[in-house]
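Quick heads-up: it's one chain on its own, the form predicted alone, in structure tokens.
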Amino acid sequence: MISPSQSKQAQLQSSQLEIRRMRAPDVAGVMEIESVSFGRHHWSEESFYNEMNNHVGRYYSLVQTGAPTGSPELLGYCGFWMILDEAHITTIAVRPEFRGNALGELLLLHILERSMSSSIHWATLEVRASNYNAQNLYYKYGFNSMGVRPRYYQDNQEDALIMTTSDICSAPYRARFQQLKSALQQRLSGLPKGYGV
């Protein structure tokens, strides 16, 4: 018997996916994902509207353009700040029923690709100390744990790991990145429209 998440996974094709700048109408779908991904201490609607107008912020929506409803379905989103030579990743989230399709990895890849095409040399983020799945993804893409922010998360006072990459413009990093990108591209049978733009 196929579970709902498996049937969703089977329906996904990269040709039906698009990454684009987040728009005001996306916020309702973003809030649905926020509440299940980050609990009651998630960002507010106002926070996302503010971030879309933040001159250092870059926020993107991942949508399924060939959704059964006929209108694009928001599958996930990501955001980061570009400050001097650093990209600080503020959020990555995927709708729960679409997890397991490497969409979180795709969003991370998109952020790094965008950063490497700018004057960015480093990527940083905070992640829950207990979120091993996310940490493993970040380690895969060359992030290293550089310290801890004690009691960073308001809901349970959990610590956050501070993670950062080596220089993403260096030849060794770019070579590894291209290997990972090729592997993900093969898994998804291509990259979605708007990737890296």
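Residue indices: 1-based, along the sequence shown. The structure displayed is predicted, hence computed values, not measured ones.
Keep in mind the form predicted together with a small molecule is missing from the figure; the text below concerns it.
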{"item": "Heavy atom of each of 27, 32 and 47 within 4.5 Å of the small molecule in the predicted bound form", "value": "no"}
{"item": "162, 129, 134, 52 - the one with a heavy atom within 4.5 Å of the small molecule in the predicted bound form", "value": "134"}
{"item": "One residue of 65, 37, 145, 170 in contact with the small molecule, assessed in the predicted bound form (non-hydrogen atom, 4.5 angstroms)", "value": "37"}
{"item": "In the predicted bound form, residue 187 touching the small molecule (heavy atom, 4.5 Å)", "value": "yes"}
{"item": "Contact label in the predicted bound form: residue 115 to the small molecule, heavy atom within 4.5 Å", "value": "no"}
{"item": "Proximity of residue 140 to the small molecule in the predicted bound form, heavy atoms at 4.5 Å", "value": "yes"}
{"item": "4.5 Å heavy atom contact, residue 82 to the small molecule in the predicted bound form", "value": "no"}
